[in-house]
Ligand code: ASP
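First, one chain by itself in C-alpha cells, the form predicted on its own.
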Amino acid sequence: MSLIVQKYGGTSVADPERMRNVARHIAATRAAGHDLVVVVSAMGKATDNLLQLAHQVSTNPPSREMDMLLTTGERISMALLCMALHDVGVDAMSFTGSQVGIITDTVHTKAKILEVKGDRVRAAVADGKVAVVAGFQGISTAKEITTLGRGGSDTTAVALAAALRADSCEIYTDVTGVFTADPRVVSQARKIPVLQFDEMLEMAGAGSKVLALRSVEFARNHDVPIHVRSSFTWEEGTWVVGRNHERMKNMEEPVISGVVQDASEAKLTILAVPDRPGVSAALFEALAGANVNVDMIVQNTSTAGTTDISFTVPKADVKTAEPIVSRIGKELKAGGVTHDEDIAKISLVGAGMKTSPGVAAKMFRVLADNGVNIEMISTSTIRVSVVVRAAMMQKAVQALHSAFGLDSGDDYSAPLPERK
C-alpha cells in the first residue's frame, strides 16, 4: 500500500460543493488502496479577505498578529473537509501545523521550515485515518505561530511527503499541469508531461506560479516526485521528478521546456556608487538582513571612479528595500536611488540548453526583431532571463514561444483560473 500526500489549493476547496467533490476524490483514492495525508489551503479568496480586514483595522498590522489571523483560513478548510469526508464514509482527523510538528524559524509571514516531526500524522495514518493538515503554517522555535508565505501550502505538502517518506506528492490546483507558457498569454501553450526538478526550480524561480519555489527545493533535496494536476478534471498532469526517475527514461531533453514571464518585480538602481571593494557587500548584506529577496543584479562599467548598481526585488518588498538602499547610498555618498515598477522578467528554461549553444543569441535576436529592448540579463546553466518593459511582455513571450517551436498548433480550451 502506497502513501500519497495530496494538496488542494484554495480554488479546489472554494465552496461547499467543491469541498464535497474533493472529499469524493479522496474517498476514491482510499478505495484504490492508498494511505493518504491531505494538505489544504484556505477557501477561495479567504486569505485575501483576511488581509483586507487586517488593513481596515490597522495601518501597519504587527507581523505576529498577521500570522495568528491568516492561519485561521486553513484551519477552517481542514475542519470542513474532515466533515465532508465523514459524510462519504472516510474516517478523517484534522491537524494544525503546530499539531503536526512543523517547526520553523522565527521570521513571521515568511518563515522557513526547519523540521517536520509528523508523529501525530503517522499515528493517524497507522490507525486507518486520513490525516488532513492545515497548510501554510507551523510553529517557530520560539513557540510562536508562523506562516510560510505565498505558496506555503505547497511547501507544507512536500515537506510532509519528505518527512513521511511518501511515494509521491500530488499538488491539485486550478490548472491541468505545468505548461510551456502561461495559456492566458500564449493560447497555443502545451502541457508538459515530465519535468526535471532543476527545470521546475528554474521555472518557479523565474516567476511560474504553478509551484512554490521552496516546495520544489524540498522535493529535489529529498527526491519526492510531484504530480501537478487539476482538481476539476482529475486528468494526468505534469510529473516533476529527478533526472534518474523511471519517468525520465527514454525521454529526450528538450532544448527549451518553457517560457516564463513575471511582472511582480521592481528594479532599484543606486546611482554613482564609489567603485571600491565592499560596496556591494554593504548593500546586499543589509537587504538580506531585512529578508528582502534580491533576484537579478547588474553593475555597470566604472566611469570616473563610480558605477551604477541595478537589481530586482519583489514589488511587495520595495517599501522595505527602498529606505535601506537610500540609507546605504547616503553612507557611500552615492548619486541617488531610483526605482522602476514598470518592468517584466522573461525567462527561457530547458535542460537541453546545457548542450545546445546559441540559445541566448537566438533569444536576443527574436526580441530585437520584435522591437523589444533588453534592460538586464541573467543566466544559469539551464536558464536565460531578461528584463524588458512590462508593456512588451506579452509580445515577447508569444514571439519566443513560437520561435523555439513550443506552439501546440491548437488553442488551449480548458477554463482558465483568475490571475493572482
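What you see is a predicted model; the values in this text were computed from it and never measured. Numbering starts at 1 and runs along the sequence shown.
What comes next is about the form predicted in complex with this ligand, which does not appear here.
Only one of I26, M363, V386, A42 comes within 4.5 Å of this ligand in the model of the complex through a heavy atom, and that residue is A42. None of F95, F311, F136, F218 but one reaches within 4.5 angstroms of this ligand in the model of the complex through a heavy atom, and that residue is F136. The candidate stretches are 333-341, 145-153, 126-134, 104-112, and the one lying within 4.5 Å of this ligand in the model of the complex by heavy atoms is 145-153.
Not displayed here, this ligand is kept clear of Q394 by more than 4.5 Å at the level of heavy atoms in the model of the complex. Shown alone here, E74 lies within 4.5 Å of this ligand in the model of the complex, counting heavy atoms only.
In the model of the complex, this ligand sits beyond 4.5 Å of every heavy atom of S378.
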